[in-house]
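As structure tokens, one chain now follows by itself in the form predicted on its own.
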Amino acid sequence: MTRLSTATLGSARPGVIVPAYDRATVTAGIVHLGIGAFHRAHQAVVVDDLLVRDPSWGIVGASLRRPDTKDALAPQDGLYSVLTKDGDARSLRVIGAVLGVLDAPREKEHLLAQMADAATRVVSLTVTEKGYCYNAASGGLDLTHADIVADLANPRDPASAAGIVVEALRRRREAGIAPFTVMSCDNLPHNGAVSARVFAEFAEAVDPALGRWVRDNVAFPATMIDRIVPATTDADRGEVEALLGLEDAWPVMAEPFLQWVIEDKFVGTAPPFEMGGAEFVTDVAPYERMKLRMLNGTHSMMAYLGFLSGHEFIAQVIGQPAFRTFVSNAMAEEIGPTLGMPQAQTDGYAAQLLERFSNTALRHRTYQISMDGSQKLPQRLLGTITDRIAAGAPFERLALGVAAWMVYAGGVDEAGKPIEVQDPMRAAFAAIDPANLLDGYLALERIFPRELAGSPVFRAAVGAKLALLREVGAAEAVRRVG
């Protein structure tokens, strides 16, 4: 079948939404690092809407590790489709906001030059938690991380996100060009503050004067992003091809829901993201906290407990009455009270999440969500637990989620079959004695802060849930904890 491209876009089938602007007039104003499925189903969709009003905000994307996205989108002139799924309903849209994709390892100089160009006013990132090379317990740059060690040894030829951003900023400073805004779009609590600290500390390690300049001149707005974007399958590609009438090498799938809350703190004028439904606020923290703890926290709990129970997809997990009760009670009784919001608001959000999790069309894999747990656990579960302990309140369901992660990260499922754990700390996990998981994991200070790891209440709760998982398995443990 004919491939999607600028030349063939006019052949798209009726009903397909196509760009409502002339792509030939669009210029690049944003460089996005980590142009994976989530960015293309979220931020790029918002930008696609605003290009009707201001064509100076096109996106140049960059893949930091693999050339897959470039290889898929380059023959398509950056075009790709987003298939929105809601039960049996489908809506297909072609996105034109991405002007090109760079493979950073092979095109690093091109990428750095694009970032150093005065036309680039925003550099955004979705590089996942591990891409910041930071210590999750302290929040600062991990100077022992292999990527950081390598970049500091040769800062003019960086590979990490921090190294690339700082080298581009150094070039702009030397050229007398104002810095760009650095906008983290990753699921990190206080992602603006984290990126500000990590990148400034990296810059300071390169040159103290550069570090001061970054701290004094670069804006790092916080953001909260929310949309469920499962991995694309061959079946998805076939469905898109039938709807589009053209071949799309890498379409992305998404739920109808999309939310983007942005701190109004930019160098110069911010892009008019509100044109695409984004919301500018003075304080992102309440939105971020609710989403990280309620959506991401329960997602991780369902992923580990659901995977161990033999469920492949989140919709299957939440479709089990015991799991639905467990997740609903976790949000209402353990997570919601830590948010400092009216109960009506958290209850309404919880009800909305249960329906979103139940969308059978998304086929969001528990294994996909389970990846990189060492980076996710502190933000998604441990902060909530710390607040519950401080309040003298129980956290039985959250403790079961942590215990399930420990079992999962151990690399063997309940049937004795190996789990291919994908995590930057998997070597450390493999060295833990299976007979003493609790002490082994709690000794990992990059995940568990000393105060929490040393809490008798925390140790007792997680230890009891580990024993329960060994005794009755994940599905029955969920039913009993309820």
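For every residue, the number given is its place in the sequence shown, counted from 1. Bear in mind the structure is a predicted one, so any value in this text is a computation, not a measurement.
The discussion below concerns the form predicted together with a small molecule, not included here.
K.L.:
Ok, Arg388, His311, Lys291, Arg397: which has a heavy atom sitting within 4.5 Å of the small molecule in the model of the complex?
P.N.:
The residue in contact is Lys291.
K.L.:
Check each of Thr84, Asn187, Ser160, Thr181 and return the one that places a heavy atom within 4.5 angstroms of the small molecule in the model of the complex.
P.N.:
Among Thr84, Asn187, Ser160, Thr181, a heavy atom within 4.5 Å of the small molecule in the model of the complex occurs only for Asn187.
K.L.:
For Thr128, is any heavy atom within 4.5 Å of the small molecule in the model of the complex, or not?
P.N.:
Outside the cut-off, so no.
K.L.:
Please check if Leu295 has a heavy atom lying within 4.5 Å of any heavy atom of the small molecule in the model of the complex.
P.N.:
Result yes; Leu295 sits at the interface with the small molecule in the model of the complex.
K.L.:
Would His364 count as touching the small molecule in the model of the complex under a 4.5 Å heavy atom rule?
P.N.:
Yes, His364 lies within 4.5 Å of the small molecule in the model of the complex.
K.L.:
Report whether the minimum heavy atom distance between Ile228 and the small molecule in the model of the complex is within 4.5 Å.
P.N.:
Output for Ile228 is yes: heavy atoms within 4.5 Å of the small molecule.
K.L.:
Within 4.5 Å, heavy atoms only, one stretch in 323 to 331, 103 to 111, 152 to 160, 296 to 304 touches the small molecule in the model of the complex. Which?
P.N.:
That would be 296 to 304.
K.L.:
Please state whether every one of the three residues Ile369, Lys376 and Arg380 places a non-hydrogen atom within 4.5 angstroms of the small molecule in the model of the complex.
P.N.:
Yes: Ile369, Lys376 and Arg380 each sit within 4.5 Å of the small molecule in the model of the complex.
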